[in-house]
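Take a look at this single chain in structure tokens; it is the form predicted alone.
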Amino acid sequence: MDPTIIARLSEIVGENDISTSPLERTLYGHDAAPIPGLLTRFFKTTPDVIVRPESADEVARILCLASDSKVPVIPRAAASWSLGGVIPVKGGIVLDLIKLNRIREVSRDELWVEVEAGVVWQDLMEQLLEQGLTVLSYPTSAPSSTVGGWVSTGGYGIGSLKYGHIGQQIEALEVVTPGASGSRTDELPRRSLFTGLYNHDPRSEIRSVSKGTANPKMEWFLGTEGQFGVITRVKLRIRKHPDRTAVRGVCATRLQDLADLVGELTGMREVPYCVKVLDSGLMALRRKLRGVDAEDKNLVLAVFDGSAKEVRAATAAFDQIVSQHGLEPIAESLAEAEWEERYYPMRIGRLGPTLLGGETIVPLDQLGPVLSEIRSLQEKYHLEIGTEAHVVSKGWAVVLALYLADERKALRYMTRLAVIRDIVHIGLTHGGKPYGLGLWDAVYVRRRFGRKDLQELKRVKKRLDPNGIMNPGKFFRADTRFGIPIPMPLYATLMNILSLACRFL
């Protein structure tokens, strides 16, 4: 990278918030899943520089400079995902948002909170709890995941069944978009959050986006993984902390029995706060981590919260449904212990050395077949696979299947990547879609959004990021460092070869 660019970045954020250290740059070249060494030859995964802005103004100046210089910018939060969404493809600037971590304002009367994008969910929840408040929903990775990261990548998690996607809970966003080259980077006017656009060169804007905004639309920044700009603040609806919470658990040998139960639970008058399925493979891995034996049983956890009266009515209805299905409830103490583990689905990675996984969102009425087919991959590939499914609406569930690998054995590790493709394909064949894209699942972008929505997103990309500096080489298509995209036929052929090899290595 041109030393002049490094110097100007240093002027923007200060010497303490910029790094060109080889070691630090290497650490920023991967996310939750290590990249096989053989693949790093095709991607420049090590950034040229890391910067840590402390304000939207600084972010805007960085994006102006990058747009002028046509240098890639890769927004990064906790990097707790494993799809390559924060991995550079062609080097560039990693924009670490760790210092945008302030809770700006809380309204107890109107029940909303304004936070910067780098605020960690668990920190937010703990501070709200001190005021008798809490969020509507949160990711399973709440101890590390940031607000801006979850808005940008997923938005479905714990509490989504009752309160919906994160997009339904957002009142407003502050987003910095890069614009075309030629924008000024030295002077940006100031204004308070959510009061309109800056009055300066329109090629670089700090935008206030709300549900009523038509241009740009809030939807453009939800789950689009930093393709159009950088989310710097979020205004979220919150709620009073519930008076009571109750957890119920049910075991069954057949996955379809639990899938049928789950479908009925979503139709309850008192909608559960959370319903999730943990298959016997995941239960076995978790018990193996604790050093205890496991039964070959699957588990459904249902969580109810609200007033004491609401919770009593909900748990009584739950018990009646379970009895009608002839299923086996577990002790409340055991159910509560499993609920306490909700933040740590990845903890089985300690059995590793490496944890990999595939994620898909599937129609709820197909949950049974999907879970069964994922389980069949264990025998096909001689792997231990554990699967967790969260019901996120009356019609959909997010399925996460995890398995162990060993990155130290390069060729064998490469073959294990084919299992991720198989997990996604099982979801696709049952009417589902990928939950996210990043770099590794970018070939499925049309299946994720559909032709019409994808065309709109491509038009938005050209307008808001005409120089293509925002998180390039992923999402819309997977690009190598040479600018050559990886077409679906080549991807499919490579995965088929790896799949065959995985069965014998």
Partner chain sequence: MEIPELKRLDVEIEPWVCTQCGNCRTVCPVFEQLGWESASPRGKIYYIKRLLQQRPSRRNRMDDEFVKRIFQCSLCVRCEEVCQTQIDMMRLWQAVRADLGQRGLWPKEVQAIREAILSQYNLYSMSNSRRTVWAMMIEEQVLPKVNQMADVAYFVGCVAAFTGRIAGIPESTVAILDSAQVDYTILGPDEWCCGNPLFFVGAHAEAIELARHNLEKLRQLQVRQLVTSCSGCYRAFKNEYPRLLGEEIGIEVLHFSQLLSRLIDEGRLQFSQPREVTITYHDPCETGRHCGIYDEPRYVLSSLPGVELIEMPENRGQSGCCGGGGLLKATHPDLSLDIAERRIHQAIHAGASVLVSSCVTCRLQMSEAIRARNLDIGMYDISEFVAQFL
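All values derive from a computational prediction rather than experimental measurement. Residue numbers count along the first chain shown, from 1.
What comes next is about the form predicted together with the partner chain, which does not appear here.
Colleague: Considering only heavy atoms, tell me if Ile484 and the partner chain come within 4.5 Å of each other in the predicted complex.
Modeller: So Ile484 does not count as contacting the partner chain.
Colleague: Using heavy atoms and a 4.5 Å limit, would one call Thr245 a contact residue for the partner chain in the predicted complex?
Modeller: The answer is no: Thr245 has no heavy atom within 4.5 Å of the partner chain.
Colleague: Within a 4.5 Å heavy atom cut-off, is Arg447 in contact with the partner chain in the predicted complex?
Modeller: So Arg447 does not count as contacting the partner chain.
Colleague: Tell me, yes or no, whether Asp96 is in contact with the partner chain in the predicted complex, where a contact means a heavy atom of each within 4.5 Å.
Modeller: Flag for Asp96 set to yes.
Colleague: Only one of these stretches, 458 to 466, 475 to 483, 439 to 447, 48 to 56, has heavy atoms within 4.5 Å of the partner chain in the predicted complex; which one is it?
Modeller: Result for this chain: 48 to 56.
Colleague: Using a 4.5 Å heavy atom cut-off, which residue among Arg269, Arg350, Lys240, His382 comes into contact with the partner chain in the predicted complex?
Modeller: Exactly one listed residue reaches within 4.5 Å, namely Arg350.
Colleague: Looking at Leu282, Leu400, Ala314, Val120 here, can you tell me which has any non-hydrogen atom within 4.5 angstroms of the partner chain in the predicted complex?
Modeller: Result of the distance check: Val120.
Colleague: Can you tell me which bits of 24 to 56 touch the partner chain in the predicted complex, meaning any heavy atom within 4.5 Å?
Modeller: Glu24, Thr26, Leu27, Tyr28, His30, Asp31, Ala32, Pro34, Ile50, Arg52 sit within 4.5 Å of the partner.
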